[in-house]
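Shown next as structure tokens: one chain only, the form predicted alone.
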Amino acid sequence: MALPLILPICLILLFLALYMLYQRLRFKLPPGPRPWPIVGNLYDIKPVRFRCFAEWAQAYGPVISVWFGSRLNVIVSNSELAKEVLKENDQQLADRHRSRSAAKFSRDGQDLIWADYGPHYVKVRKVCTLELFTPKRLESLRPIREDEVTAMVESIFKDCANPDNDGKSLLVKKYLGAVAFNNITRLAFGKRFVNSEGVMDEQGLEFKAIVANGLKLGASLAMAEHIPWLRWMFPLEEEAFAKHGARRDRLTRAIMEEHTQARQKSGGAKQHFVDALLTLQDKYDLSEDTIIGLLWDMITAGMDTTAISVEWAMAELVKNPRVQHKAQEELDRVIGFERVLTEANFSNLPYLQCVAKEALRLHPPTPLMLPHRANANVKIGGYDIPKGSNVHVNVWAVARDPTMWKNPLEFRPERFLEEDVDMKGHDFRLLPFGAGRRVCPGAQLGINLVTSMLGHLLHHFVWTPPEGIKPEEIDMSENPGLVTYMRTPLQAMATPRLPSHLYKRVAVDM
């Protein structure tokens, strides 16, 4: 009875083993840890992958081969090789590897993030660059960002002033997450799902449930993604993905319909991304799937990454009171004690900008970026990269390379006063937003929000470790995953430093 089942499995295993051997003999592949038959290096990879790959780069060199099952993944870990991947061979490495869940979520790449490089990608990229993330639109949406950041300040101040919290530390992530959530839903959907009392409405609860369910579905297929012959044991839950997609589309269409009706009544479009996309639909021949995909791309890319970046920055500032004090001195000198910071002040706050940049250097929110896929055979660092391979740039390792950075593990924002380093894809030593054809189109939006949040947190409060904890005892390790949450969420004491009337939310309805 078992023989008919065992024989095809053995043939599949043999084929996969021979395929891996063929690839290794035919091409001059980068060195790396020796793969096991069938599973490749999957069981050798430590949970925090970017650290594991950086360790292997120390042993095998700055370009390494790592096998996820029978699929070759090439990881590069220095700025020269990053430039080869993201500039010199950019077009050949501009495709995107889509897992089965990513393919389902994106309708096989009908969005921007998961689209392969080609006419569709060029079109939606053009929409983002020329229409959605222009300086004019970002400036028009500035009041939303400043509203949410001042709402965060007010919330922290209320909790500090509460006698029940006397001597207690705050969970910083809670406040940062609220800013990121409200900001991105207002920018994308024109919706603040949470009222001034912090109560979430019905649409907001549905939105959060959809986001949580998407994460759950995406994480449910990890091993089967890399070992095709195991997929029969982990079938794609077509029904679950179909239900999730329908639920996501239903909410998005309802919001789109609300905006269409409001636009017809008022005769004009607002600046939110949903309005922009609906008014541009005919001009760029955008399908409904693409509009929905782009809106959710913005939510996926913009929600967690902002909060993560600011939490790491605040952890570094609590650990380094010298840097915190220096940033506050600059804020006091430029802003003073009788008004609050606005984005218009950034140009006069170079040290604050350096603090944000240094945090993004040491703690990039997506340390391996998303994998690029080779659409042709190419050479990187003198090694062959066969068509169909995935290529990752370990931006975390690149930004800590001791040959490029003096004392790379030290949190020292002054390094960016001594040398101006671009972080939007032009200097390959610092790549928190990627580079080349797939550079993040919303980089400036992210930089503005991170800088604003840090500026307000530092101007309004002094931040110290919880009672009984020394700065050096703060846990700076990362959680495993595509994005780098702190393993232990930051707890800190906040002491107000400005007159009480400056802690009010600057609310705006738009």
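Bear in mind the structure is a predicted one, so any value in this text is a computation, not a measurement. Counting begins at 1, following the sequence as shown.
Although it is not shown, the form predicted in complex with a small molecule is what the next lines describe.
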Please pick out the stretch from 71-79, 153-161, 255-263, 181-189 that is in contact with the small molecule in the model of the complex, where contact means heavy atoms within 4.5 Å.
181-189
Here the chain is shown alone; which of Lys83, Lys104, His392, Arg438 has a heavy atom within 4.5 Å of the small molecule in the model of the complex?
Arg438
So which of Leu112, Val172, Ala276, Val323 reaches within 4.5 angstroms of the small molecule in the model of the complex, heavy atom to heavy atom?
Leu112
My question is simply whether Val318 lines the interface with the small molecule in the model of the complex - judged by any non-hydrogen atom within 4.5 Å.
no
Please determine whether Val450 contacts the small molecule in the model of the complex, using a 4.5 Å cut-off between heavy atoms.
yes
Using a 4.5 angstroms cut-off on non-hydrogen atoms, would Met369 count as touching the small molecule in the model of the complex?
yes
Looking in the model of the complex, any heavy atom of Val149 within 4.5 Å of the small molecule?
no
